[in-house]
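First, one chain by itself: the form predicted on its own, in structure tokens.
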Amino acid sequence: MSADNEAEAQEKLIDLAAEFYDQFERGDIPEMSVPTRTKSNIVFDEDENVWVYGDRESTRSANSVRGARKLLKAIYTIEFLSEQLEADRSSTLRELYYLSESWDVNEAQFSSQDESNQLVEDLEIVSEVTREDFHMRPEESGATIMGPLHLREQTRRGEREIHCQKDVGEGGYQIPNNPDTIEFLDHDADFVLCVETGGMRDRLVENGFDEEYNTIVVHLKGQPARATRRITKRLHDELDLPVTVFTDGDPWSYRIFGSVAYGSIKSAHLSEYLATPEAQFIGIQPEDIVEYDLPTDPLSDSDVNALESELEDPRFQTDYWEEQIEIQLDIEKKSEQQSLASHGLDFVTETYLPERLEAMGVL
């Protein structure tokens, strides 16, 4: 992040605090409005092909004790973030929660990390500055990249150039908290394959899938962190690479795909920055469970409820997803990526993925 960007982020934070004082000066009750972060307030942006927040807003107002406490916490957090930028330091979301215990007003301290996380998200929305530009980091996600990609990363110890096959071990290149500090130098990739589980990611690397098919393998590590979604979007937008998402065959994994492709409810204000609408789902599909006779587990009540909820989720209201979800509700089964090993350890790289990728027009 450049000094100019840091100064802009700091200025926007101070402008936020100044607005509260201006409201006091006008005799108004201080308040801060943010979009309502619920599924019912998600709308489709036809220009960007992503899901974003609608017009409904929630107001944090000092006309109640609860609202006044929220604004007090916002002021303390703004002061902390501004000082952090001034000192060119960074901190984690977890550290912010604990650090608030040292603030001199008890009412300004956070009662839980969920509360401090939500406030940082509120500040992102109203200031139009991402938390990465506030120098706020999540706990390390550990997500990695393996593939024919040469990049330059800006670090506190200077620039370093890395080839994400030749210069890394089998663990791959770890994605930094802010992927915008990366410059793509060169690549020999044909597409990006985002993989949900570590076990499957390791299988692909061990079998040399990244080398044989010129693939950038991105380990999502479950529900992907923002940094993972951001670098995936950059790989698509800047290198013109198709993006595919390879997950388990259950409703929670479909939501992982949805967050990569269309954004999530929590970060809908950043969908244009994080989401890759062109991403394609590559499995495990409910129809694969039947076609390949994969080992399965029965759907739980929560699985069924999640699938039925997805039928109402705007991210899944397509002919493809409605068909797949209906198939799964009918067979009442779910299956993991590793279940493909029932056909042999090489089946996923020699048969399943090549056939799927060819049918999708990626290969």
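What we label the rigid core is the largest C-alpha set whose atoms superpose within 1.5 Å from one form to the other. Residue numbers run from 1 along the displayed sequence. Everything numeric here is computed off the predicted structure, so don't read it as measured data.
The discussion below concerns the form predicted in complex with another copy of the chain, not included here.
Using a 4.5 Å cut on heavy atoms, which of Asp346, Glu355, Glu11, Glu19 is close to another copy of the chain in the predicted bound form?
Checked against the cut-off, the match is Asp346.
Tell me, which of Glu287, Asp202, Glu121, Glu272 has a heavy atom within 4.5 angstroms of another copy of the chain in the predicted bound form?
When another copy of the chain is considered in the predicted bound form, the option within 4.5 Å is Asp202.
Heavy atoms within 4.5 Å of another copy of the chain in the predicted bound form: which of the stretches 273 to 281, 250 to 258, 208 to 216, 237 to 245 has them?
Selected range: 208 to 216.
Contact check in the predicted bound form: Ser90, Glu101 and Gly198 versus another copy of the chain, with a cutoff of 4.5 Å between any heavy atoms. Do all three pass?
Judged in the predicted bound form, Ser90, Glu101 and Gly198 all sit within 4.5 Å of another copy of the chain.
In the predicted bound form, Ala108 touching another copy of the chain (heavy atom, 4.5 Å):
No, Ala108 sits far enough from another copy of the chain in the predicted bound form that none of its heavy atoms falls within 4.5 Å.
Could you tell me if Asp180 has a non-hydrogen atom within 4.5 Å of another copy of the chain in the predicted bound form?
Residue-level check for Asp180: no, no contact with another copy of the chain.
So, Glu336 and another copy of the chain: in the predicted bound form, are they within 4.5 Å at any heavy atom pair?
Yes, contact at 4.5 Å.
Please tell me whether any heavy atom belonging to Arg137 falls inside 4.5 Å of a heavy atom of another copy of the chain, as the geometry stands in the predicted bound form.
Taking the distances in the predicted bound form, the answer for Arg137 is yes, it comes within 4.5 Å of another copy of the chain.
Only counting heavy atoms and a 4.5 Å limit, does any residue of 148 to 164 reach another copy of the chain in the predicted bound form, and if so which ones?
Those in contact are Glu153, Thr155, Arg156, Arg157, Arg160, Ile162.
Rigid core superposed: Asp104 CA moves 2 Å or more between this form and the one not shown
Yes, shifts by 2 Å or more.
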